[in-house]
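Given next, in structure tokens, is a single chain: the form predicted alone.
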Amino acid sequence: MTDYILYGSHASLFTGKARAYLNWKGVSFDEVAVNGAIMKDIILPNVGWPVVPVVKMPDGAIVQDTADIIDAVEAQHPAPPVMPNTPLLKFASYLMQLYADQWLTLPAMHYRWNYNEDGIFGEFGRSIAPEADPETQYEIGKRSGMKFRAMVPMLGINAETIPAIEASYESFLKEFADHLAVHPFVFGGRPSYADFALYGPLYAHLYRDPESRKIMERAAPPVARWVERVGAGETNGGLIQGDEVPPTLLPLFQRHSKEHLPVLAATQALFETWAETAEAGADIPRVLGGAPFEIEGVSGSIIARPFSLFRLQMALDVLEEMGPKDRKLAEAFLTSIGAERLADLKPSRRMERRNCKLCLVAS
């Protein structure tokens, strides 16, 4: 009998992240593809909205959101730890998660829905209605997939911004490949929290989708090989010694700061306006309007997502727990990546996840 059940989809960005972590952790789990019956009988009653992945714990508890899933499994299986145990690398791990979960979704969504749409509709349909004929599966998958397709323009992906998004993504691939020429994983010889964060968008949408994979193989074969290593749960040693972010990672963090930091600042301002009149414990809206962004010199507008601030809060919590010596190292790191003002973006009202929803802290 397995200890865990992973309910998800092979086409899902965050299911890929959870699966890779569980594989590396070596825990016993079954993966169950979500169909209409599972959504109706398991996910909706326990989570309240249609989402994957969801993990059923050994005690029967249902956990949603990859960060919560990792935390829950780590509590049961602490060795080896997925998170580096030094303050700066832990801080950098959460910043990498912010980058992967909230900003690399732009190229992930663009390439999936503008290069791989028909294949994804068919795959969605096969998952939802495995007994149906291919034509029916495609139509069912299209009805399901269109709600994801509709998010593309909301993320600022349009004819004007697409060339810039593609240029930024290919530059990211080359920068990450340069790092992988020195270290097989993000922080050394084995996967850690930051690897699984990056694996989410880089696997399901940008490696597994066939047209996107061609681009990755052409532009950065070492990144494709890294995707394969992480997915296989490979380990080639330990984490780097000391508490220094490898210099080869700085271009990735600099790119994130340049592109995403202004969006975070705009989102934080919108959140503060909303929070002025919100009651303690209130559910936080998933979108708070629009935020301007600039990528490769091209301007656009993207939905302002408070969840990005929650991911930032996770990183800033580590920063605030640091002693003076570690804080000085962290501030030097932030300066080196052009993110000196990151700590100023901490919302005045603390957030938490309660009953699988993002809320203001109740008291």
Ligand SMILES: N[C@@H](CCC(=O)N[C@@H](CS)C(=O)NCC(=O)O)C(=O)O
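These numbers were taken from a predicted model, which means no experiment stands behind them. In this text, residue numbers run from 1 along the sequence as written.
There is also a form predicted in complex with this ligand; it is not shown, and the following applies to it.
Residues 10, 198 and 223 are none of them found to lie within 4.5 Å of this ligand in the predicted complex, as judged by heavy atom distances. Considering this ligand in the predicted complex, the lone stretch of 60 to 68, 291 to 299, 25 to 33, 326 to 334 in range is 60 to 68 [heavy atom distance within 4.5 Å].
Taking non-hydrogen atoms only, residue 45 never approaches this ligand to within 4.5 angstroms in the predicted complex. This ligand in the predicted complex comes within 4.5 Å of a heavy atom belonging to residue 51. By the criterion of a heavy atom within 4.5 Å, residue 286 is counted among the residues contacting this ligand in the predicted complex. Residues from 293 to 313 that approach this ligand in the predicted complex with a non-hydrogen atom closer than or equal to 4.5 Å are 307, 311, in the order they occur in the chain.
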